[in-house]
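Given next, in structure tokens, is a single chain: the form predicted alone.
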Amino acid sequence: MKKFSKITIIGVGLIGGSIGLAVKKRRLAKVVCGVGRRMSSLKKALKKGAIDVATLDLESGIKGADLIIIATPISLIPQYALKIAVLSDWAKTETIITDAGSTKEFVVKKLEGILPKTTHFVGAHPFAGSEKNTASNATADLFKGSKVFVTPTKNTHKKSLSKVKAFWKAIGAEVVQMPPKKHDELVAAISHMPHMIAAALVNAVSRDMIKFVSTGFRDTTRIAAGDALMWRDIFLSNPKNALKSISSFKKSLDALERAIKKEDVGFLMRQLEAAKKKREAIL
């Protein structure tokens, strides 16, 4: 793909930092600029080699950028979009803006209503990550082989959509295109619900019991160690689907509870075997 002159990443944590490392490893931009709220975080990204330039000043950060990637917690994405809209004279004409938010209906609707027509917004969600969330843990191959969702609408600029898809493919990701609504329904079930369950499971166990946990508990609850602010934003920006997923899980758990109470060996075995087959099918 054609090299970008300047890519600006707003929010250089695990995802933003990994994007920067991937860009630099594959030489997809002449300059990678990191924008943040704390210089301490930006210094970690500089030390890691994820960015070439660091700044707390959004205006200088977006000036001359071909591609702006907002990789902050979801609640901050519209705030940065508003600031970019005010500073749009400093951005290149037809600058592409994308994001890395884990929910899309909320973000896409907000940003399409905020950003000026001189910029082109394409919603995206890299389906990769870790419970560790700083640039110190970033890696150039975080997205290699992972899925990245792009969520265009009727308002999306087609050429910019193609460029964003090509960008993610260039850093090793498999691009999946779907509407924002469908995306949010999907990730609520396969991404958001596991975190809710992990958090609930950890909170259901007393501190005295925690010191005795072994591999099963550790493996099941690993993601509960993720950033609380990020997950708060995810749940509250996709409440309808989050609640639907909770309801679905409750029904499944209630069925197991009834089988144990009634000592229904046949039903219990069928449920456990079905779960085993589904889990074994996951690559």
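In this text, residue numbers run from 1 along the sequence as written. Worth saying up front: this structure is predicted, and the values here are computed from it rather than measured.
Not pictured, yet referred to below: the form predicted in complex with another copy of the chain.
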Answer among 114-122, 192-200, 101-109, 153-161 for heavy atoms within 4.5 Å of another copy of the chain in the model of the complex: the stretch 192-200
Is it the case that F143, even though its partner is missing from this view, gets within 4.5 Å of another copy of the chain in the model of the complex, heavy atoms only? no
I'd like to check something about S40: if you look in the model of the complex, is any of its heavy atoms closer than or equal to 4.5 Å to a heavy atom of another copy of the chain? no
Consider R26 of the chain shown here, and say whether it contacts another copy of the chain in the model of the complex, taking contact as heavy atoms within 4.5 Å. no
Does any part of V31 reach within 4.5 Å of another copy of the chain in the model of the complex? Heavy atoms only, please. no
